[in-house]
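As a starting point, one isolated chain is supplied in structure tokens, in the form predicted alone.
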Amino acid sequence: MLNESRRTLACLAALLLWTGTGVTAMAAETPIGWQTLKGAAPLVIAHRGASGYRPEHTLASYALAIEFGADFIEPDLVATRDGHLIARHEPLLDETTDVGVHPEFASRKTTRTMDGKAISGFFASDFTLQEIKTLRAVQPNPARSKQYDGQFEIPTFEEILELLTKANAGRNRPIGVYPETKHPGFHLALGLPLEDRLLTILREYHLEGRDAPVFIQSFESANLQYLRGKTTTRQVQLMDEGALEYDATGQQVIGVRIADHGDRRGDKSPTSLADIARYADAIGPWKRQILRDTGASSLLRTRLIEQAHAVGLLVHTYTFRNEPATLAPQYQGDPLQEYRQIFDLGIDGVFSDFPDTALEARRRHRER
């Protein structure tokens, strides 16, 4: 009711400012308010940095996202053989580095079981940090330019926080960091648990605690439950494509399924949004879990955002990209239309490969 009142007041303000030949600039800038959990503007989270423009998870990608003005930068973290946390989307190095052209590492290719599947390739956990530093990042997305291939190192989490510390010097509102622990059950089985090392580093940089500009995220739940017993830092339960069960209408969430892949550090796997709210502050669903593609002429709106808000959970959704092939046909190749729709639904944050586009969409929405 309060949000509807805000919209009504905004419309009345626009009418009162009518000049007879058009609406004044003041009316055009009248904000309509946000439908988010706390009434704040939705966060723009730079997904793997500004990864639409630079190879993902490089200092260059994070620096560009910071330059654009993103609210958070998002590093995915995996462990090296000697226990260092580095930024890679997966424990596998094959698609995002030039490891394949290093003959000295040819014998490191192996097959490991990850999340119940046998996978072959070069795993970061079979390399020391010193060896990782001889590799260079490459663009894994065939739709994007490869002009920066081979130019950038693989950064450690500490190097990312050093970059962020320098960028935040003198800022009233610091840019935050949004680390993801990648495949924690896999790393735990290798004797390379990610969580305590992550907390140690965050504390070294004074980035730990409820009020810190930090969200810790994971697709698994046991490690987040473990972390909740050690820190008050905000946490996000990510949700893969099969994580939610809907009722017969396809709109109401009636169950949650989160896999933990052998990690037994949690009390129990959650089966509802209320269960998640006991250890997390937000959920991170795929955008098609909010606006479902049923093959019809329009996307089916679910009640996920409202249901999450009802139990006190923020909703940060992934992943927004500019390439027309990544957009539903309803948006006619215009990413701004996609942001506009998701902002109207009250989303609390968006993960974007193109944070500048997300920020522009937010600015336009604020001025509607």
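Everything numeric in this text was worked out from a predicted model, so none of it was measured. In this text, residue numbers run from 1 along the sequence as written.
As for the form predicted together with SN-glycerol-3-phosphate, it is not shown, yet the points below apply to it.
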Since exactly one of F72, F219, F186, F127 fits, which has a heavy atom within 4.5 Å of SN-glycerol-3-phosphate in the model of the complex? F219
Between the options H89, R81, K287, H102, which residue brings a heavy atom to within 4.5 Å of SN-glycerol-3-phosphate in the model of the complex? H89
Work out which of the listed stretches, 296-304, 328-336, 312-320, 60-68, brings a heavy atom within 4.5 angstroms of SN-glycerol-3-phosphate in the model of the complex. 312-320
When the contact criterion is heavy atoms within 4.5 Å, does F354 count as touching SN-glycerol-3-phosphate in the model of the complex? no
Spell out, yes or no, whether the shortest heavy atom distance between R54 and SN-glycerol-3-phosphate in the model of the complex is within 4.5 Å. no
Quick one: does D76 come within 4.5 Å of SN-glycerol-3-phosphate in the model of the complex, counting heavy atoms only? yes
Would L192 count as a contact of SN-glycerol-3-phosphate in the model of the complex, using a 4.5 angstroms cut-off between non-hydrogen atoms? no
Check each residue of 151-166 against SN-glycerol-3-phosphate in the model of the complex and list those with a heavy atom within 4.5 Å, in sequence order. none
